[in-house]
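Next up is one chain by itself, shown in structure tokens, the form predicted alone.
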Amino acid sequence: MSFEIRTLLAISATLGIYLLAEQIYIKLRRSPLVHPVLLSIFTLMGLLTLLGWDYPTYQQDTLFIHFLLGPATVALAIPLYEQMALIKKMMFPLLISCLVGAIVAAFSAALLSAVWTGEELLSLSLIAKSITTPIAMDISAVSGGSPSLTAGMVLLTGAIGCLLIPITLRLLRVQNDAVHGFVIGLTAHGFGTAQAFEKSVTCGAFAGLAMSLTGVLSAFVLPITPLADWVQVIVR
């Protein structure tokens, strides 16, 4: 099969599977349990296995889709700009809550895993579970975890966050879209941001802000904390 035909098939299959998964998601009332990203990932995994299509080849054939991730991320700046007045007003509490949230998310997951499972690799891989995947994988490598395992944990965290955060906020009677968006973006990164935009532009803008801030702050703060050393002490 020529490179051009293989590339066309790879892109068509990826887009087609995602569009089908999105329709299933809508039909099932947008349940996080059938998030289109999750459905697409597992469907593509099955398809690649069935066709004997190795992942590096598939990744090379879908570089155009990877390229579009950059413009899509930059496009998040548009709703952020539209909410700039409110963001400036809340900047200090947002920074503090983001820093505290990122540290608590990392420390609680890693230390609980170390105590409960005694698995060093798993515990170190959970340090970056609440951060967007590209940054999470780099932090995991620096911390001594497994980047591929971390990527899986990031997906699981996003799905669980999308399921539990809205319920928790309803129980707490939080009705402010900015607060809702910031909490779900901090906790459930890209998954949460996509869900937040379904609620409102304000909610999506603050989710995108939280996702970005969490990634940046975590990249600077987590590698210099003694968290990895504590995990190793607990496990051993």
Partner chain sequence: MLGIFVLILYWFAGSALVAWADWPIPGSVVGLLGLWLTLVIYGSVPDWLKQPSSLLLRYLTLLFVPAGVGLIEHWARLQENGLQILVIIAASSLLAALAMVAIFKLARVK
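Definition used throughout: the rigid core is the maximal C-alpha set that superposes within 1.5 Å between two forms. Numbering follows the first chain given and starts at 1. From a predicted model like this one, the values you see are computed outputs, not experimental measurements.
What follows is about the form predicted in complex with the partner chain, which we do not show.
Within 4.5 Å of the partner chain in the model of the complex, a heavy atom is found for every one of Leu44, Leu76 and Leu122. In the model of the complex, the partner chain lies farther than 4.5 Å from every heavy atom of Ile24. The closest non-hydrogen atom of Val100 lies within 4.5 Å of the partner chain in the model of the complex. Proximity of Ala72 to the partner chain in the model of the complex falls within the 4.5 Å heavy atom cutoff. Put simply, Leu19 is close to the partner chain in the model of the complex: some heavy atom of it is within 4.5 Å. Residues from 80-103 that approach the partner chain in the model of the complex with a non-hydrogen atom closer than or equal to 4.5 Å are Leu80, Tyr81, Glu82, Met84, Met90, Pro93, Leu94, Ile96, Ser97, Val100, Gly101, in the order they occur in the chain.
With the core held fixed between the shown form and the other one, Glu82 has its Cα displaced by at least 2 Å.
Fitting the two forms on the rigid core leaves the C-alpha of Leu19 displaced by at least 2 angstroms between the shown form and the other one. Between the C-alpha atoms of Leu69 and Ile135, a gap narrowed by no less than 3 Å is obtained in the model of the complex, as opposed to the form on display. In the model of the complex, the Cα positions of Ala178 and Thr73 lie at least 3 Å farther from each other than in the form displayed.
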